[in-house]
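First comes one chain, alone, set out as structure tokens in the form predicted on its own.
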């Protein structure tokens, strides 16, 4: 994580973070989403996470596709770089941006329609590459921007406000991400700020693809009785895996806990995730256990929330490509375009 140039001292009584910035530096424009929309709660946790970790907003790129979710990046980190991509194509733009500047911290905001429908092909290849990005799906089970039709994550048997029943099984983006190769997969609920913020902070400190499916009720079209993505349904059917705590590398990491009740996972930069077991002996580094857990909770009509799977030591896409340490976007043409002699040598090697 980069630090900003020296900042002027804050006014007395002002709250500042470790790089000298106030919370206002992490905010964006005023939201135009519906009052009570779960997406706004996610935005607030994103703001809190970046502020508390002391990440320089100018070193961040925020990306989105199309849908209600795509508006969210306008509401946080005004000074960050941003790109609103064509519907379902945000992963391609993310890949190009991160390859061009490996120092950039990327956060992509998508929706269940943007990811699970038109963008499913791009989502698949982003997950398998393990690109360093925090990929947030604001999952409300409907197309909120086009009057509430079922999206690909709508549960079988759920109903619209009009009474129409969904007769198609849902895509489980968490199971898909784990199977395809994402190295950090979690699910949370926009109505659980403590858990969501801890997961976001851990994701921002992980090196690789972090896929976060955040159930985010649509108060206009999908918060009624019969919906399985309403506030009341999720509160009644959430099954937390653990109490998630996060300790960043720049704070003391000697945390006391009772043996056998808490698992500590160390990330690449020395930060730690502490997972205190609530109900069962579950460890998120076991891929088959993670997939089995998702299958079993889905069969019970429940949502497993928390960090479902993590592979902290997996090689990310940038290192896999063997890209130089300097951002490619800053290199002169003399280093990015080989001369004729080099090209001749390459051609000769194929003879």
Partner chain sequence: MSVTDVAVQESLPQPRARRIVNDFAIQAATVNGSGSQTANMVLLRSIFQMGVPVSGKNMFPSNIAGLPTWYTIRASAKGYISRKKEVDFLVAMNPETAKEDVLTLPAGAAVVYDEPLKLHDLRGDVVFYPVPFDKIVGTITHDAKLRRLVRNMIYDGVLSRLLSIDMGQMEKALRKQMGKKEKAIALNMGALKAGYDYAEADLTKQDPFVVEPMNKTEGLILIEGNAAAAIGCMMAGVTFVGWYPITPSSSLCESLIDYLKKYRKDPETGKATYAVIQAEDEIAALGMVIGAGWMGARAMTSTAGPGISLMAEFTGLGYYAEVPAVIFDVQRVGPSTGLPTRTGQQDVLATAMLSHGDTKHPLLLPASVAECYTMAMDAFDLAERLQTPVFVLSDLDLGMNNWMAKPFEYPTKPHDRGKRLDAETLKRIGEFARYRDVDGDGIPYRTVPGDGMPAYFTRGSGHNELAQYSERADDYANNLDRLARKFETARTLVPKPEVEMAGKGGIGLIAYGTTHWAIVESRDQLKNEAQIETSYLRLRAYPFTPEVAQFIDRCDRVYVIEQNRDAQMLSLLRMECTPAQFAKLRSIRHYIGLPIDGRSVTMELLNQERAEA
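In this text, rigid core is short for the largest set of C-alphas that superpose within 1.5 Å between two forms. Just so we're clear, the structure is a prediction, and the values are computed from it rather than from any experiment. Positions refer to the first chain, counted from 1.
One more form of this protein should be noted, the form predicted in complex with its partner chain, which is absent from this view; the next part is about it.
In the predicted complex, its partner chain stays beyond 4.5 Å of every heavy atom belonging to residue 178. Its partner chain in the predicted complex comes within 4.5 Å of a heavy atom belonging to residue 58. By the criterion of a heavy atom within 4.5 Å, residue 249 is excluded from the residues contacting its partner chain in the predicted complex. When contacts are judged by a 4.5 Å heavy atom cut-off, residue 125 counts as touching its partner chain in the predicted complex. Considering its partner chain in the predicted complex, the lone stretch of 232-240, 200-208, 79-87, 162-170 in range is 79-87 [heavy atom distance within 4.5 Å].
The listed set 100, 274, 219, 117 contains one residue whose heavy atoms approach its partner chain in the predicted complex to within 4.5 Å, identified as 100.
For the options 134, 93, 244, 267, the one in contact with its partner chain in the predicted complex, meaning a heavy atom within 4.5 Å, is 93.
Using a 4.5 Å cut-off to its partner chain in the predicted complex, each of 331, 337 and 347 places a heavy atom inside that distance. In sequence order, 317, 321, 322, 323 are the residues of 298-323 having a heavy atom within 4.5 Å of its partner chain in the predicted complex; the partner itself is omitted from this view. Positional change of residue 24 between this form and the one not shown stays under 2 Å at the C-alpha, relative to the superposed core. The Cα position of residue 328 differs by less than 2 Å between this form and the one not shown after fitting on the rigid core.
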